[in-house]
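As a starting point, one isolated chain is supplied in structure tokens, in the form predicted alone.
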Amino acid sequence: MRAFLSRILDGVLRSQFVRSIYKTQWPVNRRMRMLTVLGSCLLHLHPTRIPRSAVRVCFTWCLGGLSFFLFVLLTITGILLMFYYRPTVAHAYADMKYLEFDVPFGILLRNLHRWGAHAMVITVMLHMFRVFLTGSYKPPRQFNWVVGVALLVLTLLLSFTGYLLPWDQLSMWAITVGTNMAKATPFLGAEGPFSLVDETSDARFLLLGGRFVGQAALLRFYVWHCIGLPFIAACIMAFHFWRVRKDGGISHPL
């Protein structure tokens, strides 16, 4: 039975379909595995070899992988939520209530997105804390640390822009307080030090699309949350993974 299954597997691996996917032979040894990684569109983002000590759970705690998994989860659940949400002042809150109480498994879908966003903020911060404690930001990985800081900022911005979308009292006043802080931005805030602009062109006005939280602000936050920031974050994450490979692979204990 074992020999029969082995012959079937060997026939599948040598079939034209599999050979059209992998330009090299099926990775049966170390050299073939390295060639397969280098010739793949997705796998080439990863290093061809990883030290055994670098993949110990007690060293990395899988925090980088968990952060990426949560980003994928948020992308999928966010796309599904867009089918039931209209970014207008007249419909936003009603659509959230409809999603919670009338759509089958709607409350589960929304909570997956909501708690996944909270979890991603935590895992990204813990991931950077782990990188700092293990010295993984040291040469030659200094620039990738800067890329990681940019991803942390994007993660916080994604959470901030998503705060307004339910259009309830909590989100309204949270965004009001948050954007009022932008008025104190140096140079770019109307009330900040060394201000160069007025209230009709400062940082708060650019965030809200006006002087108050209204339809323009809701639409801007919706576009940034659903399209702008996720696209930027995905591009920077791809570069972050590629840079890990170019800097010698995953860091590991000396």
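The shown structure was predicted, so the numbers you read here are calculated from the model rather than taken from an experiment. A residue's number is simply how far along the shown sequence it sits, counting from 1.
Beyond the structure shown, there is the form predicted together with a small molecule, which is absent from this document and is the topic of what follows.
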property: Heavy atom within 4.5 Å of the small molecule in the predicted bound form - residue from 74, 103, 120, 175; result: 120
property: Answer option from 171, 179, 155, 161, heavy atom within 4.5 Å of the small molecule in the predicted bound form; result: 155
property: One stretch from 108 to 116, 161 to 169, 93 to 101, 129 to 137 that, in the predicted bound form, holds residues within 4.5 Å of the small molecule by heavy atom; result: 129 to 137
property: Heavy atom of residue 149 within 4.5 Å of the small molecule in the predicted bound form; result: yes
property: The small molecule contact at residue 84 in the predicted bound form, heavy atom, 4.5 Å; result: no
property: Non-hydrogen atom contact residue 68 with the small molecule in the predicted bound form at 4.5 angstroms; result: yes
property: Contact of residue 185 with the small molecule in the predicted bound form (heavy atom, 4.5 Å); result: no
